[in-house]
Structures are given as C-alpha cells and as structure tokens.
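Before any questions on binding or motion, here is one chain by itself as structure tokens, the form predicted alone.
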C-alpha cells in the first residue's frame, strides 16, 4: 500500500518550537545564578535537555521522510519567488553602490514598489524610464540586479545565498556528517 503524503508535517514540526523555546527559558532561568554558586538545582536541567534532543531528532526524521517525497515544481517556485517584490532590497543595494544614501535609496524603492503595486508589475517588468523617474542613479545595468538569479548571487558572503556559498556550506555540512 503506497504511503499517504502528509502536507501537515512542516506545520506539526513548527508547533514543536514552542516546546523547545520553553525548555530553553527553563534552562536559562536555572543557570541564571550559576556564577554565584553551584546548587543542586542543576539536576533540573536533564528533563528539558533530553526532551529537546528527542524532539529535534524526531523532527529531523519526519522532515527527512517528507523531503524524500517532495515533488518540486520549479516553474511554480520561480514564479512565486517573484511575487512580493523580492528584489526590492537589491534595488536599494544597487542605488547605494551608485552613491545614493540609504535613506534616499529606501524612498526611491518605496516609490518604485508603489508603482509596481498600482500597475501590478514586478520591478523587473518596468521600463528603464519608469524606474529612472525615481532616481538618476538608475542605469541600464539595473536589470542585472532585478532578477532572481542576480538577487541570489548578490549575497556572496558567509552564510549567503550565492551558489558558491551554498555549495561551500553543503560541503562543510556533509564533511561534518561523515566524520
């Protein structure tokens, strides 16, 4: 009998965060006076610690089982990533790199997003002249940063989304697991 897909797994795992946060607060409260004295109250650290470990292990297992059955719809994901002006920050960064103070860049982006909302278009779908009405610092190369690929690649720093950073992080994680 084929196994039934459970779309509720991420929501159920997310629900576990309250329990784990509660354990963290318990441990922080317990450890609060440690610099002053060592008391027998430390015996109370076992239950929240071990329950947190069990909760995380269980959550990782159900996520691993779920991910093996995920059907990725690349085109749908790509389209969804465009909704919500996800490249607005990239436009602000672009303006700052071109000498516009951040407070002014923020205002320019706000105006551009307002136009996008009113006209139901993403920033990348606007004409150069439309964007230039908000700032003279916007040139033809702006469309290089208003793509999803450009946005992802722009975060080329430790922990960033650039493909090079993701590959490095994945390799490091795999190496840690294989030790």
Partner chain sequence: MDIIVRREAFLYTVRNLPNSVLHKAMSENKTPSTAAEKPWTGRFTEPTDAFVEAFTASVEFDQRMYKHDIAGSRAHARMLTHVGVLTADECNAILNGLDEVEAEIHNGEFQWSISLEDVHMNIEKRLTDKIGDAGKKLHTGRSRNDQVATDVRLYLRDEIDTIAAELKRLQGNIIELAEREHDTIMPGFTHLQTAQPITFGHHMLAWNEMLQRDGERLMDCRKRVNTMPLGSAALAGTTYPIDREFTAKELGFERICQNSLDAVSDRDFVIEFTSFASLLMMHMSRFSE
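As the structure is a prediction and not an experimental result, all values here were calculated from the model. Think of the rigid core as the biggest set of C-alphas that the two forms share within 1.5 Å after superposition. Positions refer to the first chain, counted from 1.
Only in words, not in the display: the form predicted in complex with the partner chain, which the text now covers.
Within this chain, residue 151 lines the site of the partner chain in the predicted bound form, having a heavy atom no more than 4.5 Å away. Residue contact with the partner chain in the predicted bound form: residue 64 places a heavy atom within 4.5 Å of it. Using a 4.5 Å cutoff between non-hydrogen atoms, residue 46 counts as a contact of the partner chain in the predicted bound form.
Using a 4.5 angstroms limit between non-hydrogen atoms, residue 143 is distant from the partner chain in the predicted bound form. Residues 148, 149, 151, 152, 155, 159, 160, 161, 163, 166, 167, 169, 170, 171, 173, 174 are the members of 141-174 with a non-hydrogen atom no more than 4.5 angstroms from the partner chain in the predicted bound form.
Annotation for residue 48: C-alpha shift of 2 angstroms or more between the shown form and the other one, rigid core superposed.
With the core held fixed, residue 19 shows a CA shift of 2 Å or greater between the shown form and the other one.
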